[in-house]
Structures are given as structure tokens and as C-alpha cells.
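Below sits a lone chain in C-alpha cells, taken as the form predicted alone.
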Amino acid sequence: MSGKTKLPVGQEAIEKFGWLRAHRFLLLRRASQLLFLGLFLMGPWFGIWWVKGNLSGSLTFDILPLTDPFITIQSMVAGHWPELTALIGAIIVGVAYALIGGRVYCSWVCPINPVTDGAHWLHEKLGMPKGWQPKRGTRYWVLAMVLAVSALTGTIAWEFVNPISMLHRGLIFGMGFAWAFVLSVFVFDLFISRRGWCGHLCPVGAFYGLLGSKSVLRVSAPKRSECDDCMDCFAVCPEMHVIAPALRGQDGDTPLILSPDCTNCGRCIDVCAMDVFRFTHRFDDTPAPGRETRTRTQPASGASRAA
């Protein structure tokens, strides 16, 4: 590690590029989340019905159907074949996320993401231990359990406890008991398990991760030889295990982050003062210089500072 790890996360990027540049993808994500939520709320709040429905299923301009494919699959295993419009909507959404990146939903659309990000921010500010960390495969077991319960009960099981739907309905009809579900996610991430909900338990994230496992949009580390070990990218990444294979790879290894767990949030790009990361596509896999090359040819700037 370099001496720069003592600096606040992202501080050098702020000093080098400015605050806006060092938060550009975070700000774009918040704008995107507000946009999607606002489109659904314009109807019930202001009578502007450009979009009717919610994230589970909607109709845009009375023409374009969009359906959550996870909801559709639950309906099918429960024995309820969806109407043609809903099926078409599920195919449209499924193909879009399969191409763009499944867990883009988690970081750019899901309204629970600001809740869990807020819990993580407060967790770090309070200096709390990371707490209980379920295995990352737990969310896939939860996903399988949801589908099994749907099949056994003949219901769309996850919708009874889905905090995303609870938050949406609460904003329209009044939060009421829905606050308990949203607050429980916040409390879980704050006190029990750091980044536990999205990173370990949420079956929606698990589903979209599988859906986008071969997606085109990727984050890459083409300048990894310039990495100075500040560790800021690991600090801000909600799925930090996805970074190491691309960043720590040897000569000839792909610089692409290929793990389906990556949410394409772009925070690693924001906070990197060395401009190591960027968005690209999965076919841009030209091997990048590895860390061994950097070690042989030049010292890490962070190491020189520490000295």
C-alpha cells in the first residue's frame, strides 16, 4: 500500500480533476435513479401519465410495454402464464439488460441503491466494523428459494417483501408500514453487515447479475501499470472482489472486469487520480501491461511518497 491510503477516499482525484469530475458517475447515477422514479410518480402526483405502472411492469406513452423479467419468471413458475403484452415487455427489458449489463439495474435504476449507499456512508463515517458477511453465493440461494416458494404457493412470492416495490407504493399511497421494509434494509447495512443487502442477499441483484453475465458494457483498467496502490477503487466499489483480476493481472491478462457481480457504477473511475479505469465494451480486451511490468520499469508514485 502507498502512503496515499492515509488520505480521504477520492481526495487526490478531487484535487487533480475537481469535485465534479471526481463524482461524475455518482451524480449521473443519482440523476438516473431520480429520473426513473420521477417518470413513475408524475402520473399519480401530477396527472402526467407518460409512464403508467412501476418498475415491476409499465406502459410508456400507451405504446411501449416494459416488464421486470424476474417478476415474469416468478409468475410462470407459479403457474400463471403472462399476457402477451407482459411477455413482450419482459423480453424487451431482458434483452436490454443482457446487452448493457444486468447489474446496471442495481446502480443506475433501483431506488433502494441510495438507501444502501447512505447506510454504507454512515457506516464508514462511524468507523464501524464490517460485521457479519454472508457468503456472496447466498443471494443465489435466496433467488432459488424465491422461485421455489413461488412455485409452491402459486404467487409472485418476492413481491410480498420486495423493498423496491414497497418504496414505490409508499411514495404513491403513503409509506405507512412500507417504511419498515426500507428502514430494515438501511439498518441491516449499517449495523449488521456492511453492504450486506445488495452484495450478499438481494435476489433481484442476483438475477440481473446472471442476466448480464455476457453483457457488452464493461469497466476496464487499461492503465493498470500506472496504479499507485492508493486503494481508493477498492474502498468505493460495492463489489470490491471484482477489481483485483483486472487491476492486479499479469502481462497478457485482460484488463476487463468480467465478473457478473460488477454493477458498472463507475465509482472506481471517479476516484482514481491515475485515471486507470474507463468504460468500454467486452470486445476491447487488448492485454494491458501488468503490475509486474510496472514494478520492473518504474516505481509506484505512492511508494515514493511513502518513502
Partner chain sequence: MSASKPKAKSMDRRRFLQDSARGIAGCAVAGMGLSHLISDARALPAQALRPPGALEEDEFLAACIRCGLCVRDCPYDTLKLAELGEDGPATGTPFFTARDVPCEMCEDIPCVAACPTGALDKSLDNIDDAKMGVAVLIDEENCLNALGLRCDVCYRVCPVIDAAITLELAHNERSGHHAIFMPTVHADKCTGCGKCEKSCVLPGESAIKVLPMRIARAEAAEHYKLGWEDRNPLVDELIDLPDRLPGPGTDNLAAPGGFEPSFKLPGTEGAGQ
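Keep in mind the model is a prediction, meaning the values are calculated, not measured. Positions refer to the first chain, counted from 1.
What comes next is about the form predicted in complex with the partner chain, which does not appear here.
- Contact with the partner chain in the model of the complex holds for none of 100, 264 and 273, as no heavy atom of theirs lies within 4.5 Å.
- Comment: 72-80 is the region of 72-80, 207-215, 106-114, 230-238 lying near the partner chain in the model of the complex, near meaning a non-hydrogen atom within 4.5 Å.
- Mapping the unseen interface onto this chain, residue 269 falls outside it, with no heavy atom inside 4.5 Å of the partner chain in the model of the complex.
- In the model of the complex, the partner chain stays beyond 4.5 Å of every heavy atom belonging to residue 32.
- Among heavy atoms of residue 91, none comes within 4.5 Å of the partner chain in the model of the complex.
- In the model of the complex, at least one heavy atom of residue 159 sits within 4.5 Å of the partner chain.
- Checked against the partner chain in the model of the complex, the residues 223, 169, 123, 195 give one hit for a heavy atom within 4.5 Å, which is 169.
- For the candidate set 174, 118, 131, 134, a heavy atom within 4.5 Å of the partner chain in the model of the complex is found for exactly one residue, namely 174.
- Taking the partner chain as positioned in the model of the complex, the residues of 56-79 that bring a heavy atom within 4.5 Å of it are, in sequence order, 56, 57, 58, 59, 67, 71, 75, 78.
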